[in-house]
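Form predicted alone, single chain, as C-alpha cells, below.
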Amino acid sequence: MATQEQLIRNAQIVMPSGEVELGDVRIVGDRIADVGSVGTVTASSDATDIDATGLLLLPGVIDPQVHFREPGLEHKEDLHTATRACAKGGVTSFLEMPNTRPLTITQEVLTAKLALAAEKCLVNYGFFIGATAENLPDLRTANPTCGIKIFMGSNHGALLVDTEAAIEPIFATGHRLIAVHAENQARILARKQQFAGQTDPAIHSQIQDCQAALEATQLALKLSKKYQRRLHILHLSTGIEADLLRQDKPAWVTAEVTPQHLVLNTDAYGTIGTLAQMNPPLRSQQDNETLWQALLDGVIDFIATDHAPHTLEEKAKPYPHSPSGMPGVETSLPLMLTQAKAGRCTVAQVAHWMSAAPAAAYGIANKGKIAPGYDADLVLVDYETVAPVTRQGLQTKCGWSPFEGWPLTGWPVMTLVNGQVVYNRGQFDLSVRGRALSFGDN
C-alpha cells in the first residue's frame, strides 16, 4: 500500500522562526516532508489536497497537564471523550496525571493505562508516575513516563507527600523530571480551620492563599538546587511565585501557567460560583498581570490547562463540598489566540508556549514545530471568525466550561495527528488513534 501523501495549500504557516508565512506543507505518511512558499512544494498527482486559504496553520498543541479520569472516574470523563475534546481544541498530544483509580504509582498500573490509551485515544499520550511516601523504586524504573508528579498539597491519601522529610528522598534519588503541585498542605489545613463554616466559594482563594503556594514552591526550589534535580512547577498561580522565579530560577527549572490563571480571577466567583473553583485557586487581577509579564519575559516557560472535569451535579454542591477543577482542552488554544488578537501576545508566542516549549521541556522529539522531519501534528484555525463558547458544542463529558458565552477567535477547523485528519469542520474520524510519546532520557 502506497504511503499517504497530503498537500496543505495556501496556509498562513507559523514557522519555527516565529514568522507567519503564506505557503504550502507536504505531508508523507506521518511526517512533514516539505515546507515552502505557495506553489514551490510539489506533491504527487494522487496526493490529498487540503485548501487552507484564509486559515492559520500551527503545530498541534501539547497539553502537558491534564486529568482525564480514566480508569476509575469515567462518569466525569474518559480517554475517548477527553481526546475528542482535544481534537476539537487542536490538542494533538497530552500528558496525564496519576490521580486516577487505581493511582498510577506502579509499573503495572502505568502499563494498563498505556494499553487503555492505545485502544481509546484519538491523540498522542503520555503519563506521569505519582509519588507516594513508599514507592521510590517505582519512581526510578517505571517506563515510559514523562516524569514524577508530587502533590505537595491539595490532595489526600497516598498521593499526598507534604513534608520535607518525605519529599527530599524523591529529589535525592534518580534523575527524571519532577513536577510539583506546589501548595503547603499544613498551611491549607490550618486555614480551613480558621474559615470553617463559610460557604461562599470565594473563600477558597483565601484558604489556599498565595502564601501557601509560595512556601511550597520555595521548598521545591530549595531541594531542586540541593540535588540539581530537574524540576517543573505546575500551574503557577501567584505573582509572588513568579517574582521568586524571576530572581532565582536555575537553568534546569521550568514553570507553566494555565489560561485560567491568566484570564480569570477571584471576580469569577461572583458570576459562575463553584465553576470557578480550582486548585491552586484563582487569584487577583494583579496576579493575572504579574503572571502575564512573567510569561512574556520567559520566566514562565509554557502553558497547560490542568483540564480537571467534574459533573455539573458535583459542582452544584455547596462549598466546601464542591470539588475543585475545570475543563480546558477545548478552549485553551482559542483563548490564547484571542489574547493574541487583542495584542496581549503574538501568534508565534502562542505556538511556542503551547507546542515547541513543552516538547523541549519533556524531551519529546520531532513535535512542536512545522518543519521537515517533524511529525505531522498540525492544526488549521480560523483566526478571523469570532464564535462563543457554548455547552452544546463541547465534547468533554462534563458538558460545561468556565468560559461559556465568551466570544473567541482561533477555533480549530482541522486537526491532524501523525498525518491523519482526526477533526474536520465539526466531524471526527473516530478510527484515528494517537501514539505513546517518548521522553528523551527520562
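Residue positions are given as counts along the sequence shown, with the first one as 1. Note that the coordinates shown come from a computational prediction; the quantities given were computed from them, not determined experimentally.
This protein has a second form, the form predicted together with a small molecule, left out of what is shown; the following refers to that one.
Proximity to the small molecule in the predicted complex, taken as heavy atoms within 4.5 Å, picks out 272-280 from the listed stretches 186-194, 115-123, 272-280, 333-341. Note on contacts: among His310, Lys367, Lys88, His232, the single residue with a heavy atom within 4.5 Å of the small molecule in the predicted complex is His310. With the partner omitted from this view, the residue of Asp306, Asp301, Glu77, Asp287 that lies near the small molecule in the predicted complex is Asp306 [heavy atom within 4.5 Å]. Mapping the unseen interface onto this chain, Thr106 falls outside it, with no heavy atom inside 4.5 Å of the small molecule in the predicted complex. For His67, a non-hydrogen atom is located within 4.5 Å of the small molecule in the predicted complex, even though that partner is not displayed. Taking the partner from elsewhere, His352 is found to have every heavy atom lying beyond 4.5 Å of the small molecule in the predicted complex.
Of the heavy atoms in Gly239, none are within 4.5 Å of the small molecule in the predicted complex. Proximity of Thr145, Gly174 and Tyr362 to the small molecule in the predicted complex is absent: no residue of the three has a non-hydrogen atom within 4.5 angstroms.
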